[in-house]
Every structure is written in C-alpha cells, then in structure tokens.
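Just one chain is shown here, as structure tokens, and it is the form predicted on its own.
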Amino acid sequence: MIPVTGLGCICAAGKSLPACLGALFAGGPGPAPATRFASGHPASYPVFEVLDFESDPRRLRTSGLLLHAAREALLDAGLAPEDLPRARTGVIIGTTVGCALNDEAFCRAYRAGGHPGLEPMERIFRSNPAEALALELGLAGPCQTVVNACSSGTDAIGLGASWIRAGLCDVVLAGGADELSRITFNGFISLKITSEEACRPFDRDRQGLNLGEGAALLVLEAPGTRRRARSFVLGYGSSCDAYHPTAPSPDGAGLRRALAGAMGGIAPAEVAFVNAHGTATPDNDRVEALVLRDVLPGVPFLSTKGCTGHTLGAAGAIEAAFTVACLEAGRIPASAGFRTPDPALGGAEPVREATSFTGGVALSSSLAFGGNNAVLAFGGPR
C-alpha cells in the first residue's frame, strides 16, 4: 500500500480540492462557451473552463495549472519545497496534446514563409509538464510525462506508485494536467462526440462530452512515512483493447482486465463506489456501464464529468483526487447530468443523489483513445 499524503486540484469546479468537492455536492457549475478562443462553429459546444486564472506567460497554461495544484498538494502533505530535493523525489505527470497546440499564430506565420520570433517555441520547450514541475522544485529524481490519451493521469499515478514499490523513490509527485486548446476542441467536434448542451453521462439522451481543463496532483510516499496518509494506492491495472483507434471494445474485455489488475486481492463486496470515466459519449458509457454491472453488481458508481467536463490527460488525476476525498467523506455526490436510465445499459445507472457508504475501498477508472484502459484502487484509513 502506497500512502497518499497530499492532494491538490484545480478545474472548472474550483481552484482547490475542497472548493471542487463543495461544487460537486452542490450540483457543480455548468459549461459555457469558451472565452479563450473562437471556433467559428454555428453551435457553441460549451466547455468547462477555469475562469479568472492567469499563469506565468513564459510557460503554457497546462504547466501553470499543474503548478497551482502542486502547491496545494505539497501544503496539504506538510512538505516544504526545500524538503523535496533532499529526498529521492520523482515526478510523473499525464497530459495529452493540448499543452503544445496553442501557438497557432506562430505556426501560421511560419507556414506563410515568415520569420516569427521563437518565443512561442521556447515557451513550449519550457512547458513539458513533468519537467516544468521538477525544475520549479529543483528536483533531480526520475521525471516522466505520460502521454497516453485520456488515461494519462490515471497511468501516471499508477506508475508513480510502482516507482516507490520498486525502491526508486521515497516521494513521487504524480498527477495530470491539460488546458483547453482550439485544435483539440475542433478535433473532438469533427469526431462528432461533442455535445451542444451540458453533458449527461450514462443518460439515455446523452449527446457527447464537454471538454474541460485542469490539473490534479497526488503526493505519494514510501510506506512508513511519518506524515498522515489520507488514503493508500492499493492497486493499478492497465490494458489495451487493440480494437479501434477511438472506440472501446464492445465487450469491454480490456476494461475487465484493467479492473482485475487493480483489484488483485480486493473482493467486489469491499468496493464502496466507482468513480467512472463516464464521458457521456454513447460508446464509452455503454461499455463501461455494462462492465461495471457484470464485475461489480450493485456497487454505486458516478461520473463527475458533468461538473468538470472531460479534462483529457488531467481527468484521471482529478478523478483520483475526488475519489480519495469522497472516501474520506464517506459519501459521493449525485452523478451530474443523469436523469433518464438508458435501456441499452442493462439496468446499470449511476447514483441520482448524494449517497453515503460504509466501505473503505474505491475505484477510479479511465478509458482512452487507442483502446487504453486504466484503473486505480484506493483504500482509506476510515
């Protein structure tokens, strides 16, 4: 068991983990038209944007969001930044491509034969999320950015825990970060999986996802740490469907393997709830709901993307932080956006209202383009 001693989070639901939890239980914010870029589409395709947030202009916004979450997590753990270089501290962060696609003006000028200044490129080179955090804190331990589509944040935490189990590190800063990008925004619209309204995960009338942005960071420490553990990483499972570039395998075989890997030694009856990927796309929600119905019958599940949007490479980390916080609280919020059960989900439906529980184990799952599946199991000292 790997202790989780600190948590930090920023997304459209709030600029700290307590603020986010408060918003989730209050029904969360709704999506709105993007303010940081224009798309030209007749429909607005609303997003979950972090408003009133400015970061160091020398770095991309993704790194700014990550550093914000990291400061909260380190404070929560009682770790001063100057303490970290003395420990064997690693950094592993998940992201997608949003962190490197927000300099269209430079690319347009270059393709037109111009000679634009290189500051935008220098900003990108300074903004590898894991490297930016390591440099900010003066860390020289293992450093890795995981780019595994929408399971990146979950994979980063699972791999970070493995670094500690392997004896490579005493402390690992693990999480995910992603900013909204016009190119990513248009890409998801072209795939026809973006909703023109607020997303409705697992609902019969779901029309697709809303994109979002944010970051979350977990401080993982070696067993025996003297700091208070808020939770423990109990397991991690990862698999690939090898079925389709963007759609999950209809039989959910890969997700079943990832669940089995995360739950090694954990009985279904011990699981209090599942924080599901729940994007509100028809394929994802159908496969995920049917697998949860079969593998974890009767176990409550929810999606928090109705309050945060799909934050892509940050999603797994944000949802892991929510999972730990809900384990501590002993209750989960209603699955925002869900109203009408979908007959195609075989009777599986997420929680409709805030729900208390007594168990001490929870799962957080992520499905991703490329057929990736990743699941984390957390246990709480309740």
Partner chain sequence: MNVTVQGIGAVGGFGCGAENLALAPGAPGALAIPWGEGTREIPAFLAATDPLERFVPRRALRRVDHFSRMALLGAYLALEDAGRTPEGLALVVASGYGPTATTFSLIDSMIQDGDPCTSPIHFAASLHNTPAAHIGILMGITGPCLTLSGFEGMVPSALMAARLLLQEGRAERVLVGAVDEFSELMAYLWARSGPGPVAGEGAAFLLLSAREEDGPGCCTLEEAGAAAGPWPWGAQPGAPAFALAAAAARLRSSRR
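Residue numbers count along the first chain shown, from 1. Nothing here was measured: the structure is a model prediction, and the numbers come from that model.
We do not show the form predicted in complex with the partner chain, though everything after this point is about it.
Residue in contact with the partner chain in the model of the complex (any heavy atom within 4.5 Å), chosen from 238, 89, 249, 195: 238. Proximity to the partner chain in the model of the complex, defined as a heavy atom within 4.5 Å, holds among 80, 118, 269, 140 only for 118. Of the stretches 224-232, 170-178, 110-118, 284-292, only 110-118 has residues with a heavy atom within 4.5 Å of the partner chain in the model of the complex. Proximity of residue 146 to the partner chain in the model of the complex falls within the 4.5 Å heavy atom cutoff. Within this chain, residue 42 lines the site of the partner chain in the model of the complex, having a heavy atom no more than 4.5 Å away.
Under a 4.5 angstroms non-hydrogen atom cutoff, the partner chain in the model of the complex has residue 101 among its neighbouring residues. In the model of the complex, the partner chain lies farther than 4.5 Å from every heavy atom of residue 360.
Residues from 157-186 that approach the partner chain in the model of the complex with a non-hydrogen atom closer than or equal to 4.5 Å are 159, 162, 163, 165, 166, 168, 182, 183, 184, 186, in the order they occur in the chain. A change of 3 Å or more separates the two forms for residue 87 and residue 222: their C-alpha atoms lie farther apart in the model of the complex.
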